[in-house]
Each structure stands twice: as C-alpha cells, then as structure tokens.
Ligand SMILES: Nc1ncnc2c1ncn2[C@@H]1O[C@H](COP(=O)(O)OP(=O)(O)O)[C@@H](O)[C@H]1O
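Heads up, the chain below is alone and in the form predicted alone; it's given as structure tokens.
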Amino acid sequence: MAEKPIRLLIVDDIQSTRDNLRKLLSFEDDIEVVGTAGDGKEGVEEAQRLHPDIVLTDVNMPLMDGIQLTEQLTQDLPASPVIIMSVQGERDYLRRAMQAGAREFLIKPFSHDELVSAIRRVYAMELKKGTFLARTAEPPPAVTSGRSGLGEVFVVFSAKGGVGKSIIAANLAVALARETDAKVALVDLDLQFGDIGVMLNLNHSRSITDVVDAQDHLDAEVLDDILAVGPAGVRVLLAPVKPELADLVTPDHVRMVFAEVRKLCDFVVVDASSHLGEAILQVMEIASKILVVTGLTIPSVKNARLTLGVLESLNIDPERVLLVVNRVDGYSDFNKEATEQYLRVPVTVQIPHDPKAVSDAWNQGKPFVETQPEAEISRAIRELVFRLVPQEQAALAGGDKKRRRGIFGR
C-alpha cells in the first residue's frame, strides 16, 4: 500500500457511474478520489487543477473522448498517468489506448478487485519509474534549454526499400541540427535491418535493445547514456546489431523511448521500417510530419499511392503528410506533374539523383550535407528542413542562438 493515498480523478459522462466508482473506492484506505468530471474537456481542466496521481477515464464521452484526453494528458501532464475504461474489448481500442499513452485498459464490467489492483499496479509502476518526482524536481537543462514542451517528431517512411529513405533520414537529421542549432535525435526503427549506424560510421556498442534492459528505470538520463553521438551532435538511437534481436523490442518499449527522447531533443527524425506495424503506427500518431518517400518509377509511385491510402484510412490529417520524391533526373518514368496528378498530393521537395554523392556518403560513413554542402542534393535536403521548420520556429528551438550560414542565414 502507498504511504500517502493515491489521488484519483474519475472522468465519465454518466453521473451514476462516477458515484458508484467513488463509493467503491471509498473503502480503500490507500485511494482517495480527489475529483470527478463529466467529459474529456472537463477532465483535462480538472487534471490541470488537481494534478492527480492517476486519471481513471471512460472512452466514449462527449466533447472529448478518453483517447483524446489521454493524448493531451500524456503531453501536458505526464505525471498523471491514465487508466482507460471501456465496454469495448476489441484489439483496435486497446491499440489506440496504448498509443495515446494509457497505462492500463479495463473492460467493463470489471470487479472491485480488478479496479483496485489496476490502480495500485499503475501507481507502483510509475512510482518506480520516478514519474511523480517530475512535479517537484527541477528539470535538467538538456530538457528545457531554449524551448518548452516535447520535441517534434518527423517520420521518414517508404512502402518498400530501395528508394533512399534511410539516407534521406540521416542527412535530414544532420541538416536540421546544422541549420537550426537545435537538439536533434535520429531513431532507427528499421529494427531488423537498420543502416543508420553504418551510414554514420557509429559504434554499435549500444542500441535500442539496451532500452529493453533498462525499461524498469528508463528516463531521459538513462536514455541519454544509450544514445550515440553522430555528426553535428545528432543523438542517435541505433537499431539492434542482429536481426533476431528485433523481436525483443515491443511497441511499449518504443512508446517509452519517444516519451523520453522528446524531452531531450527539439526534433526527432525517425527512419521507419517499411512494415506498418503497431510500433510504427503509434509513432506516426504523435508525429508532426510524415514524409512519404518515393522515386519516379511506376512501382515506387504505386507504393506511395498505397501508403497514402493507408494513412487516410487511419484518419491522419493530410496536412501532416509530405510527399518527397527522390532520385529525380531526366530519364524518370514520371515527372512531377504526372506524379501529383496520379497521387492527388503535391510534391513537397524533389531530391536530385546524385549517385556519386550518395555512394561517397555510404562508403565514407559521412552525410553528404556535411561533405558536399553546396551540391544540389544537399540544397534539396536543406529545402526540406525549411519546409519542416519555419525560420521563426527554428530560432525558438535553437534558443535564439546565432544562425549558422545556411537557408536560415541567407
């Protein structure tokens, strides 16, 4: 039992349910219901006012549902973890709840013992992780320097390998750091066959599998020790050294990684695998922008169309999706106009075909935006940075430091 009562906020749109839950929990000496709310919007307001240890919320509510409430509290009040209740037991509900950041998912009707056990279990887990210390502890400089809130996530995705997704992700991360002076992380989520370590010539002694070992005490400080240091100071979380180790990394581990890396960095670039599994989908849900990479060949454009269709079916805002065309030359099967007409999406940036720059980058383990900054391919990557991070936002992220000469200094 907790030394102090576990302070609980109940959010449900049915008054009788709120009353019954309060009555049930009144018999527990270690649990105190400090407030109730009748919808998600009111729940957020009450959570911000009361700072409860745990928020217990229903899924289906007016104005703001339980999933939306959880997403907002995960960002705004990470020290108030959420338990979701629902009459729906389908896998999709569970997936969406966990992607939003919920710690537990209770299927109605549940027993008194199941409810109390879930509350105590979540509290004990968060206590062990030091979650509640965040309310009083002074945040470390690396977390708050020059900005507030959580870092933005940019996912680089292609439906199939071979279109240059990884080299775009690596060069984008380095260009972001160079052009904005911001803190940038690069996460390799191609867990079986990730190439970021080779591409940046990094020591593979630590990788995302170390997160699995540290999951019971993972925080920003522990993660900071796992991250490698790449060009321009980019912090890099490498994929497992062996493909068979990928199975050790679960969607929960990925969620924990992004909860902490977004505290450390202003921007997080993700080199996503081509498989739209649960881990990739939950990262896409929190991403500010999803970069769909395609080439100007019939198979590549076809796969891009399929990808855009999947994102649309997931109700991802089209404004968050950017189309990046790689390896543009005069011999392509498609041109820009034909691609836009077929995909019904504007091309954000075209990256020219420069096999020598790309080959040198791979063989030397150095990004071309550093070794050949004035090449057309490097200029295109910097243009992509500009599209992702407007100048005013870059200045804020970099803490108003003096801009390096680049697209923001011209």
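Residues carry their position along the shown sequence, with the first being 1. Computed from a predicted model, the values in this text were never measured in an experiment.
Note that the form predicted in complex with this ligand isn't included here; everything after this is about it.
For the candidate set 385, 55, 351, 69, a heavy atom within 4.5 Å of this ligand in the predicted bound form is found for exactly one residue, namely 351. Site annotation in the predicted bound form: the residue of 184, 291, 82, 167 reaching within 4.5 Å of this ligand with a heavy atom is 167.
Put simply, residue 358 is close to this ligand in the predicted bound form: some heavy atom of it is within 4.5 Å. In the predicted bound form, this ligand sits beyond 4.5 Å of every heavy atom of residue 318. The closest heavy atom approach of residue 219 to this ligand in the predicted bound form falls outside 4.5 Å.
Proximity of residue 99 to this ligand in the predicted bound form: non-hydrogen atoms within 4.5 Å are absent; the residue sits far from the partner.
Screening 299-307, 206-214, 159-167, 250-258 for residues having heavy atoms within 4.5 Å of this ligand in the predicted bound form returns a single hit, 159-167. Residues from 307-326 that approach this ligand in the predicted bound form with a non-hydrogen atom within 4.5 Å are limited to 326.
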